[in-house]
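In structure tokens, the next block holds one chain alone, the form predicted on its own.
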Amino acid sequence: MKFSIKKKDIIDELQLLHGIVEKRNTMPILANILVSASGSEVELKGTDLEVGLKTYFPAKVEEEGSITISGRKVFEIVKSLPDGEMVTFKESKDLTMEITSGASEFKVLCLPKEDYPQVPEPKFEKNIVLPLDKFQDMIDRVYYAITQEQRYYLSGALLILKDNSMELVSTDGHRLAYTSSAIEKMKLSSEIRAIVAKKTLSELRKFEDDSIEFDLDESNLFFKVKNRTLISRIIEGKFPNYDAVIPKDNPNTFTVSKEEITDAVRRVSLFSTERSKGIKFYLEKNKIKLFSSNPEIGEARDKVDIDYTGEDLEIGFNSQYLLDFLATVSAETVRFELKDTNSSVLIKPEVEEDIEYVYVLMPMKL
């Protein structure tokens, strides 16, 4: 195998693949990417067996062939080369890849292509096309609430596709983020529900285009943008009944400036304990008092004007969980709906947006 290409035409692809391939080296081959040259194109594949990426691009191919090479090392080599330079990749008989550019020469040990795991191939026959910017906005609204715990079925977000609509839901057991949006002219033969891995959602945030094609089979989800196809194993398990978690008919409600409540929570949280990050809300007529204390440091208080309807109420929250939501809201004013001290609070933008967005947060006992 031998091909040449400009640095700028391959560096972005290598950077994406570098983020995909296995870094823990449980299997040495998973740290590599599969490089295949044929005709006038080069195809690159990388996978950690859960998430994979396939990409291709035109190149000057002098000899066809395939080999696997360290994803991290080839990215570091190409990144170090001067911009605008041509880079030549040549497979040697001793299972090495020679990479040359100008006076720079590298020889990288490789592994045989036969050992590389199979990467599933999509068909994209369902003709499902989603607006990429809207999809990424929805990912941003649920990404932070995906759990890091051992419950595998919570390690991703639930994607629901229906006729003319898309929904994303995530929860870590302490909070739930739900978002939905209309997708014009999307017709499906049946509803699609699948749990999308957090790593997949992270990679999807990096793509750039107007739209993204979607497909799935029994085990995998496929997302295609231009020359790149992201492959994600479907997370098995039953996602919680999120609709039952969203509280209804909460009598105590208030609206508040997003900027003012964000600043106040951030200030008061400076004195919350490192482990709980807990702060207290004292709700009274037209004002909210915020309080936190730490026996090793001291205590902090603040106050914000609000438009409140309901009883005087005292309730505790994890301050970081509040800030996570507030950081992703574009509206200037947010609405809190509460039942009592011990029940979940519903938070959402005061004004309906193009993308529906609600956040459910469990209170803390402080």
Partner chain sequence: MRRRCIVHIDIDAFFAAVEVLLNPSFKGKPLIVGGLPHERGVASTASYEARKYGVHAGIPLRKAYQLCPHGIFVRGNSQIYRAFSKKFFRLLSQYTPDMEEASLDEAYLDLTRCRPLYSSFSRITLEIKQKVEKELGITVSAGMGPNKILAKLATSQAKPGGLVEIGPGGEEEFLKNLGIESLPGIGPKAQVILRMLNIHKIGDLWGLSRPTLRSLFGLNGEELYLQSRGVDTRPLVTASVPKSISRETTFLEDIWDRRLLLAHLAYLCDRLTLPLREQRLFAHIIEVKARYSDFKTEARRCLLLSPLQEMGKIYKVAQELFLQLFSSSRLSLRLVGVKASDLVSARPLSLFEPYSERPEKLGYAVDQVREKYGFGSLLTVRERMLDSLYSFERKRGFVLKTASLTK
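Positions refer to the first chain, counted from 1. Just so it is clear, the structure is predicted and the values come from calculations on it, not from any experiment.
A second form of this protein, the form predicted in complex with the partner chain, is not displayed here; the remarks below concern that form.
S.K.: Only one of 200, 229, 171, 292 comes within 4.5 Å of the partner chain in the model of the complex by heavy atoms, so just point that one out.
M.R.: By the 4.5 Å heavy-atom cutoff, the listed residue in contact is 171.
S.K.: Can you pick the one in 101, 276, 181, 262 that has a heavy atom within 4.5 Å of the partner chain in the model of the complex?
M.R.: It is 276.
S.K.: When the contact criterion is heavy atoms within 4.5 Å, does residue 193 count as touching the partner chain in the model of the complex?
M.R.: No.
S.K.: My question is simply whether residue 1 lines the interface with the partner chain in the model of the complex - judged by any non-hydrogen atom within 4.5 Å.
M.R.: Result no; residue 1 lies far from the partner chain in the model of the complex.
S.K.: So in the model of the complex, does residue 176 come within 4.5 Å of the partner chain, heavy atom to heavy atom?
M.R.: Because a heavy atom of residue 176 falls inside 4.5 Å of the partner chain in the model of the complex, the answer is yes.
S.K.: Is residue 151 close enough to touch the partner chain in the model of the complex, meaning at least one heavy atom pair within 4.5 Å?
M.R.: Taking the distances in the model of the complex, the answer for residue 151 is yes, it comes within 4.5 Å of the partner chain.
S.K.: Just one of 69 to 77, 254 to 262, 207 to 215, 268 to 276 has heavy atoms within 4.5 Å of the partner chain in the model of the complex; which?
M.R.: Result of the contact check: 268 to 276.
S.K.: Can you list, in sequence order, the residues from 243 to 263 that come within 4.5 Å of the partner chain in the model of the complex, counting heavy atoms only?
M.R.: The stretch 243 to 263, when checked against the partner chain in the model of the complex, contributes only 245 at the 4.5 Å heavy-atom cut-off.
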